[in-house]
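Presented below, as structure tokens, is a lone chain in the form predicted on its own.
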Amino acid sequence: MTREFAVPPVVFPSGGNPATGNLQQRRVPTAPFQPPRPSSSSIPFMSFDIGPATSTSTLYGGPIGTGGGPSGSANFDDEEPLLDELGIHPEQIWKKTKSILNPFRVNPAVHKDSDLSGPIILYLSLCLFQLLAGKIQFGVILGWIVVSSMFLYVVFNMLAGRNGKLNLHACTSVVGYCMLPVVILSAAMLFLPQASVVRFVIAGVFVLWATRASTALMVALAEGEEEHRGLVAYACFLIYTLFSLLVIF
């Protein structure tokens, strides 16, 4: 026994598409959010609108893109050289080094402005000559220079008392520049035979050279410490004797 169900007939429109009333209405696309453009800003705002490409003159003609023009190059001309910004003055270093070459006529006026650029160059030169001699002593030489500077600073200020006007930076600069005779000695030791009396005689001459130059500079920079010249000379002699022994052996 069959049972019949009343099913309403399905009616399709004549165009073959469902009725427009059953479709969901599509949302109209809206423009993306854009922040307000300040009227006083000189920086060009990059829009995301799809439109004609921005011209090169409009994009790079503002204050940001003036690097290629004559006004941008004028800014670089006004800047100081890189060595001057780093505090390295080659002419001043050469004058100070040249004043050490004559131990009898040391010019203390050149060394009033202490620096560490010249001592670092002499330190690297001494390490290079020691390396050519087969001795790797970078840390030893640097440590001795630091200890020597502190030793000379303490000795001199103990002698001068409250009137001491020499700071640690000036002591380090003087010790470093007066290393020039030791650097020349290390270069000469490369051509002299080992375990010879000539090496000791030449080393003694260079030690006296460095001692006299450093003593003259220390006394002159302290302004009026002539009475302590002998003790300062003894301290400088000990310092450069150690460096010369390091070079000889």
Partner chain sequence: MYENPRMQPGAPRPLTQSQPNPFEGAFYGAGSGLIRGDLGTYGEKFLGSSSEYVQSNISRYFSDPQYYFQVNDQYVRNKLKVVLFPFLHRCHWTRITEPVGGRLSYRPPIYDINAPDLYIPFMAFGTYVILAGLLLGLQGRFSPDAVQWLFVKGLLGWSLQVMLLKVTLLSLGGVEPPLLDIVAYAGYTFAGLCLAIMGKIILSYMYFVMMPLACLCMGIFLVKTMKRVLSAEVRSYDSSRLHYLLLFIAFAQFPLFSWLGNISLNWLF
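Not measured: the values here are computed from a predicted model. Numbering follows the first chain given and starts at 1.
There is also a form predicted in complex with its partner chain; it is not shown, and the following applies to it.
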| property | result |
| --- | --- |
| In the predicted bound form, the one of 145, 106, 159, 122 near its partner chain [non-hydrogen atom within 4.5 angstroms] | 159 |
| Every residue of 231, 238 and 246 near its partner chain in the predicted bound form, heavy atom within 4.5 Å | yes |
| Listed range touching its partner chain, judged in the predicted bound form by heavy atoms within 4.5 Å, from 170 to 178, 147 to 155, 113 to 121, 86 to 94 | 147 to 155 |
| is_contact(residue 99, its partner chain) in the predicted bound form, heavy atom dist at most 4.5 Å | no |
| Any non-hydrogen atom of residue 132 within 4.5 angstroms of its partner chain in the predicted bound form | no |
| Any non-hydrogen atom of residue 140 within 4.5 angstroms of its partner chain in the predicted bound form | yes |
| Stretch 182 to 219 - residues with a heavy atom within 4.5 Å of its partner chain in the predicted bound form | 200 |
